[in-house]
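We begin with a single chain expressed as structure tokens, specifically the form predicted alone.
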Amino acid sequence: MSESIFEMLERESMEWFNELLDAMNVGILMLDRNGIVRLVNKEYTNITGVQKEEIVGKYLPDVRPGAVAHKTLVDKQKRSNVIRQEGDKAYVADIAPIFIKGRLSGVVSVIKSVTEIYQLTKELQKSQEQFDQLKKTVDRLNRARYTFQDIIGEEPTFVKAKELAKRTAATNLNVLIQGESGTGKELFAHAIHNASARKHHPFIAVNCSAIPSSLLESELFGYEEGAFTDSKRGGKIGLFELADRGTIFLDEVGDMSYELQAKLLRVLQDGRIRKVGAVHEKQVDVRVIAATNKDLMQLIRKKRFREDLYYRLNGVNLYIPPLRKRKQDLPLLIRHIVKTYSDGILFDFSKGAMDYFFQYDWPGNIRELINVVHYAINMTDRHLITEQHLPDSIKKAPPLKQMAASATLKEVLDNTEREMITQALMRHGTDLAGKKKAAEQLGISLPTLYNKIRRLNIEPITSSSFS
């Protein structure tokens, strides 16, 4: 008699089920409620060396005297990581009871070869060693370069800021450094990190104004694979995660978008980050040092900066005075800059040259001073620097009170324009993006800025590491 449609479906279902079990890379053994082996898959026979016909349909303890799976029929308890040894075969078993409608119906045992587990453990250990080595490399690459010995100055307000920074380094407080562009805010951040308990861990610096708002979140927090179009395979680790146990320096934090400020606040409050596109959060231990040349209180009033974020960042507030308010430090600073940039060659400065240094107001602060001294060193053939070796930008910009008596109105206006444009370029940079920002700050169009640069003979300005 031919089989019925129901018998055929049942037979095909069992064949499909057996194929599914044989495709698994773990060994499977199933007992009924009487301890009789009803099923084993191919991997079970591979791991144990026992063939199907030797075990299926038989009482398990009769075939495998050392087996423990049948004990679960008695106590109905799960068993994990049970180590079994039969001759030269070793494996680990996880055993669990099977209940159908609340009634014990059998037992399933899932086994894994000890040899395979050992191999996986070795691979995992190797991966961990590679990760640790990579972490050490990242730590070495992201070291703070400067210490408090590199911070030069004796002006009382500046000394007070330096002393406060030293005391701050011994704490774990967040720091907000405020001051004009070029005053050395990043230098202070480096020094604080290097004097802290975190000095052997990464120092990550990121300029918030240099990265488009649409990309800054993924740079800071990372992203998962497939989080957005063109995302890297495997995703990307964020700067906060790279800085774990160390310090992250957020330069120009006042330029961060209002939406991203909320996410940064959450990190500061909870110490947890979430990658773009991720479901789970990750704990990080990071000290935040932020810096800005903007008036954050004014931005708060204009609803462009979060007040709650301001107070989170402002654990310690450091104000770095501009160079025009600490001109007494000019000889010390010039001597330090010469020592740094002259390859050990000593230079003297004439009184005329120093007069220009003291009468100039230094809108670009330390950054501009470095550029001027570096320029002068390269312009002289001797060891004496005179006024003729200085760039026209500082010789053409005497203080307004000295110009007023003898200068024409056009000269006064030209010099004022020259100084304002130079200051804007020093602040924002001389590439196309920097000039666009400078033009926006000055309230003029980009073509007008180019025309004024040509008409006023403003020399090219180079950049430096000071901020």
Ligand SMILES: Nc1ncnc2c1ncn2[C@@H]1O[C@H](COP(=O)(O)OP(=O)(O)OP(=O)(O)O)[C@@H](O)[C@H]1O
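Numbers for residues come from their place in the sequence shown, where the first is 1. Quick caveat: nothing in here was measured; it's all calculated off a predicted structure.
One more form of this protein, predicted in complex with the ligand, exists but is not displayed; see below.
Trainee: Counting only heavy atoms and a 4.5 Å cutoff, which of 148-156, 386-394, 68-76, 97-105 contacts the ligand in the model of the complex?
Mentor: The contacting stretch here is 148-156.
Trainee: On the criterion of a non-hydrogen atom at 4.5 angstroms or closer, are Thr183, His336 and Arg367 all touching the ligand in the model of the complex?
Mentor: Every residue of the spot touches the ligand in the model of the complex.
Trainee: Is Leu309 close to the ligand in the model of the complex, meaning a heavy atom pair under 4.5 Å apart or at it?
Mentor: Looking in the model of the complex, residue contacts with the ligand do not include Leu309, since no heavy atom lies within 4.5 Å.
Trainee: Determine whether any heavy atom of Ala243 comes within 4.5 Å of a heavy atom of the ligand in the model of the complex, and answer yes or no.
Mentor: Taking the distances in the model of the complex, the answer for Ala243 is no, it never comes within 4.5 Å of the ligand.
Trainee: Taking any heavy atom pair closer than or equal to 4.5 Å as contact, tell me whether Glu252 reaches the ligand in the model of the complex.
Mentor: Yes - in the model of the complex, heavy atoms of Glu252 and the ligand come within 4.5 Å of each other.
Trainee: Considering non-hydrogen atoms and a 4.5 Å limit, does the ligand approach Arg326 in the model of the complex?
Mentor: Yes, contact at 4.5 Å.
Trainee: Identify, from the list Asn293, Thr247, Ser109, Thr168, the residue with a heavy atom within 4.5 Å of the ligand in the model of the complex.
Mentor: Selected option: Asn293.
Trainee: Give me the residue from Leu187, Ala144, Leu220, Val175 that has a heavy atom within 4.5 Å of the ligand in the model of the complex.
Mentor: Selected option: Leu187.
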